[in-house]
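Just one chain follows, in the form predicted alone, and it is written as structure tokens.
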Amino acid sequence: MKMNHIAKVAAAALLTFGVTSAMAVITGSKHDLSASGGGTIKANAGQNNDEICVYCHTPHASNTDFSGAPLWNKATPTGSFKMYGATAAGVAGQTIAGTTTEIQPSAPSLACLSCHDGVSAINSIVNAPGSGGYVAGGQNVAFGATAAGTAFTMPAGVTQIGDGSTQPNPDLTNDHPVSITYVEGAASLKPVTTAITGWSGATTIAGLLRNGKVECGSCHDPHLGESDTFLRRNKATVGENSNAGSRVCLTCHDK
């Protein structure tokens, strides 16, 4: 019964990010934060949180206030972000398509930024494994060389999307805009009905969008560990570098 429930959680997560189970390989990838994970950021061997899914999802006592991903096991980010094309945090930005109406990332992108903003603690989860591990507002569990109760944030580097040096207002102005409406024709964007191949969970550009918007998950899937930088243009399917010939960009932009 327990394994069946966990399987349902995993299936729901895969559907949310647009990937089939046959394609998604998170075990051993950089998003596998267990002691045997494939990256340098991970738990120490023998810690009670030496699991894979727990840093994002939980089968029980999830954060029901968060709508960006199923059975979310992290607190909702509350910081103010400086969006692409914006002059300050919490104000509208400017893109080729015009002034944006979004002054903060939408929930699907907040899911990614809850680790990658450089401010939120990667090791802060709501429901730790085992009995009695629930903390409504989240908790910092033992992680890597850090003692339990100490926040572990994304180290400086390209994966620190939000530029943690600008706390408490993570800066997204030097990254591809997210949570913006896809406007056909603007920035040479193709029609959303355009057929695409080699992309996990999508056969047209419309399948890459969430509620008609470009989000982090439009290009990346956190479960797609076999693909370069978790790109949804699946390396295992296309048989080449995921962005060979800039094909990720050229999927939407007609250049």
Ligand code: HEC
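Just so we're on the same page, rigid core means the largest C-alpha set that superposes within 1.5 Å between forms. Here the structure is a predicted model, which is why all the values come from computation and not from measurement. When you see a residue number, it is the position in the sequence shown, counting from 1.
The form predicted together with the ligand is left out here; the points below concern that form.
Novice: Looking at A75, L113, A86, A128, which has any heavy atom no more than 4.5 Å from the ligand in the predicted bound form?
Specialist: None of the others qualify; the residue that does is L113.
Novice: If you check in the predicted bound form, is A186 within 4.5 Å of the ligand, heavy atoms only?
Specialist: Close contact exists here: in the predicted bound form, A186 approaches the ligand to within 4.5 Å, heavy atoms only.
Novice: How about V91 - does it come within 4.5 Å of the ligand in the predicted bound form, if we only consider non-hydrogen atoms?
Specialist: Close contact is absent here: in the predicted bound form, V91 is far from the ligand, nothing within 4.5 Å, heavy atoms only.
Novice: Would you check, heavy atoms only and a 4.5 Å threshold, whether A151 touches the ligand in the predicted bound form?
Specialist: A151: no contact with the ligand in the predicted bound form.
Novice: Indicate whether S62 is a 4.5 Å heavy atom neighbour of the ligand in the predicted bound form.
Specialist: No.
Novice: Kindly confirm or deny that C56, T99 and Y182 each have some heavy atom within 4.5 angstroms of the ligand in the predicted bound form.
Specialist: All three within 4.5 Å in the predicted bound form.
Novice: If you look in the predicted bound form, which residues in 122-138 sit within 4.5 Å of the ligand (heavy atoms)?
Specialist: Going through 122-138 in order - heavy atoms within 4.5 Å of the ligand in the predicted bound form - there is one hit, I122.
Novice: Determine, after fitting the two forms on their core, whether Y55 shows a C-alpha shift of 2 Å or more between the shown form and the other one.
Specialist: No: Y55 shifts by under 2 Å between the shown form and the other one.
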